[in-house]
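Form predicted alone, single chain, as C-alpha cells, below.
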Amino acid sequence: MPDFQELSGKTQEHEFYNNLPEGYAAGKTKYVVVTGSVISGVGKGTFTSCLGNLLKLKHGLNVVPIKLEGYLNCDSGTLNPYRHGEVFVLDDGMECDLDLGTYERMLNTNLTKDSFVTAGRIFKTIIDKERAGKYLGRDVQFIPHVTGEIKGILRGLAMKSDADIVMVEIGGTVGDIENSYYLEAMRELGHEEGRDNVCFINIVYILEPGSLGEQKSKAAQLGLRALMSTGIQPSIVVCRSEHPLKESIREKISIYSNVPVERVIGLFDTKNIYKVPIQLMEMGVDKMIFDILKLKNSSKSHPDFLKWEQLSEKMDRAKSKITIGIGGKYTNVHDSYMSIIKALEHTAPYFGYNVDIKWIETTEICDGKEKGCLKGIDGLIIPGGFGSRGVEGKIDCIRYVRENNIPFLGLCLGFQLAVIEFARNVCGIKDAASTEFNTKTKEPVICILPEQEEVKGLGGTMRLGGYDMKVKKGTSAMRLYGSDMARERFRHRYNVNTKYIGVLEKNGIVFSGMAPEKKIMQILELPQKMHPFFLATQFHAEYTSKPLAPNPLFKGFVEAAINYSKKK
C-alpha cells in the first residue's frame, strides 16, 4: 500500500473539482456549449459547425470545436458504418466521429485529436491515474473526478489552441444516461467560468405529425425541462423543424424556457446547408453570442466569408447536373460516405454544376449486371471499405468503366480493387486477389503492409493519418496537385505487392504517387491515351476536401465527368 502524502480536504477537493491547467486564466477563452433535445440526429453538429463558420470566417475569431461523445469506445475506429456512419480520420491519425469532418469543412481548418473525446478515453485516463496513485488515496467518483477531467480537457484545449471561443458539442440527447456527467461538467464550468464566459445553446425538435398537420411543441418543452433540471439555463434555443417555425410556437418555447423570444431561433429543413451560416447572420445569432459573452463585435466581413457567400450562391445558380455513381455495400446508410458526398457537393459548383448521386449496391452485382446498374452515370467512385462482401461486384464495375472510358476515382479499397481488376483483365493474372479476402491466393497482388503483420488488435493500429508523398512529374496527379509533393490522409493495412509493380507498369498502369522513403504505391492512373480519367488513391482524398479548397483530385474527377456528360 503506497504511503500517500496527506493533503487538506479543501486543497485536494479544489484540485479535482476545477482541474485548472497551470497558467489558465478564466475569461480569456469563451465557451459555447451546444446540447440537443427530443431526438437524436437533431443537427447539433451541423449547427455547431455553421455557427463556428460565422464566428470564424466573418468575424475572424479563433474558434476551436470539440465533440464530447458518450460511448465507451476509445475512438471511432472500430464502429460499424451501419451504426455510426463514416469514420473520419484527422491528420494526426485520430479516428473520430463524422461531425469532425463537418467541423473541418465548415470552419476551413484542420483539427487534432484534442477536438474529439469519448467516455472511453476519459474513463481510461481516470483508471490509469487511479492505478498510478494520482488521486492520493481518495475514492474516485463522478464528482469531482470525472467532471473535473472533462473540464480539464476543455481548458487544456483552450490554452493549447489559444482559442477565442471553444465550441463544445455534447453528443447524444438530453436525458441520456451516457451524457449526464458531461452535462454536470458543463453546469460546473458555467458556474466556475462566470456568466459572461459560457453560452448554452439547446437545439430542440418541433414535431409536426402528418395526422395533425400542425406543429407541436410539447416534446420540445419536456426536453427543455430535462435540460433545466440539470441546472443548465439555456441562453439561446434553436428550434429545428420541417417547415418554418410558427410565431406561436416561438412564444411557447420562450415562456417555457425563460429565454427571450428574440433568442428562440427557428431553423427549418434546407437543401443547401452552406447557406445556414448566412441565415444565422441574418437572424443576428452572432450578435446574440457577442452580447451574451461580452465580446467586441466586428461588423466587417473577412474575405473568406465573402467567398463562402459566393460559393452558396453558385450552388443555387447551378442548373446543370452530372450523375456520379458510388459503388459500395453501405449504400442504404448514406452517412457511411459523408465526406465523399460533401466533396462532390462542394466541388461541382466551381464548374457551374450540381451532382446527383446514383447509389450502386455492389453486393447485388453479378453475371454482367453492372451494365444496367451503371447506366446513365457520368463517373464512378469506388470508396473505401473492409471485408470481402461486395468486392467482386466492385471489380466488375471498375472493369466496365475502364473499358467504356467512363471517369473513375478509386479511394483506398477502390485503389486496391483497381489493381486487382487490371491485373486480371489486362495483365492476364487471372487469379489476382488480395490476401485480405483470400489468405491462400496464389497471386497476391495486394498484400498486408509489412509493419502490420504482427499487429494483433484492431483499434488504432492501421496506417493512419496524414503522410507526405512524392508525385511523379508529367502525370495527371502532378498536373492536378501542381507540385511534386502532396500530403493526404490514410486508413489502411494493405497495399500493392511490390513483386507485381513491374508487370502492372509494363501493361500501362502509372504509379504517380508513392511514399518518399518506402515502396508504398499511393496513386495509380492510366495514361490519357488509354483512358480519359482513370485514377485511384490508397489514401482518402475526401477527408481533406473543403468547400473553400476542394481536393485537387476531386476537381479533376468532376471536370472529367462534366466533359464526359457533354459528349454523351
Ligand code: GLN
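Quick note: we count residues from 1 along the sequence shown, nothing fancier. This structure is a prediction, so every number in the text was calculated from the model and none was measured.
The form predicted in complex with this ligand exists for this protein as well; it is not shown, and the discussion that follows is about that form.
Contact with this ligand in the predicted bound form, defined as any heavy atom within 4.5 Å, is confined among 337-345, 105-113, 489-497, 180-188 to 489-497. The partner is absent here; in the predicted bound form, the one residue of G85, G384, P234, G93 having a heavy atom within 4.5 Å of this ligand is G384. For the residues K44, K56, K67, H540, the 4.5 Å heavy atom test against this ligand in the predicted bound form is passed only by H540. Taking the partner from elsewhere, Q416 is found to have a heavy atom lying within 4.5 Å of this ligand in the predicted bound form. Mapping the unseen interface onto this chain, M315 falls outside it, with no heavy atom inside 4.5 Å of this ligand in the predicted bound form.
Among heavy atoms of I249, none comes within 4.5 Å of this ligand in the predicted bound form. The shortest heavy atom separation between D75 and this ligand in the predicted bound form exceeds 4.5 Å. Taking this ligand as it sits in the predicted bound form, the stretch 419-439 comes within 4.5 angstroms of it through a non-hydrogen atom at just one residue, E436.
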